[in-house]
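Consider the single chain below, provided in structure tokens and representing the form predicted alone.
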């Protein structure tokens, strides 16, 4: 791996922005890098149980890219947000135990598995960050004074909730707190899935109006956070409507993302190889003639295997089924699936074995922390 200081600015920009669904403020990146300042990143994660591939691998492979570009990467273990969103029953002691143990261990192991540096990854525990931090709460009021109630209500989708849903007032604190986190952590790069877009847009919109904790570049100029939005992995279940209306594709992809609340549709970092094979074998995988835009097996193959395995995907097949086959690009795999030369069960088998290999270092780390994993099971 080439050290970040030996990379050109275009090369660093390419690392920061690759394999993303959206970058808001991409044109601002080169100017910040040209100043020679160390860019700081943050992503906030709810502590809501077992880690699945969407959090463990998808988030960490982007953190790896950012590290390679010389960005300082930080994870906010968002225990207050977890509490506000009623995850883990709102049990704050349980949230803290899982966050400080299993979550940190699993995320570091995931980062190492995809080629990142777990030792330079910083974790910030939300309640520790907010404790005796008057400036944080002053900034919270500042953000609230510069946005509207209607906009906050529209932003509850970042919590996985609907705008018209009945909810307690405390949940309306969640979006502005997420915005304040960006500024109080001086995050030049705010990172999340596409489902976090509304909070990041608010952060950019209020950036120039803040008086308590504005973010500045090395010259003292007020700047906006650059928002990077990663791909949301599809869950393995069939969508609620099929075929999918092309105009509703983006909305449905968000609704059908991988979720802990639907364990059969997700693969977790601590699933056994046999559990992974079983889940993928049962997964929804429509034939090519029904469309290839909403296919979780193709989705996972593209975003997990080809983004992490430089050699692509190797699929073992019996000689009577054409023998072993090696795909070095997603384009060639899609073409084979479209023309029928790649059978759905062979694709599923190849994906399962690829994920099992990718997760092997994570399973090893968990095996070395048997007491922690036993505590996790007891807490859940």
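On a predicted model such as this, the values are computed, not experimentally measured, just so you know. Numbering follows the first chain given and starts at 1.
Unshown form predicted in complex with the RNA; subsequent notes refer to it.
Taking the partner from the other structure, the RNA in the predicted bound form has no heavy atom within 4.5 Å of any heavy atom of residue 115.
In the predicted bound form, the RNA lies within 4.5 Å of some heavy atom of residue 281.
Using a 4.5 angstroms threshold between heavy atoms, residue 286 counts as touching the RNA in the predicted bound form. Within this chain, residue 329 is remote from the site of the RNA in the predicted bound form, having no heavy atom within 4.5 Å.
Interface residue among 197, 257, 97, 238 relative to the RNA in the predicted bound form, by the heavy atom within 4.5 Å criterion: 238. Comment: the RNA is not present in this chain, but in the predicted bound form one of 344, 39, 336, 45 has a heavy atom within 4.5 Å of it, namely 344. Only one of 346 to 354, 30 to 38, 49 to 57, 66 to 74 places residue heavy atoms within 4.5 angstroms of the RNA in the predicted bound form, namely 346 to 354. Of the residues in 161 to 179, only 166 comes within 4.5 Å of the RNA in the predicted bound form through at least one heavy atom.
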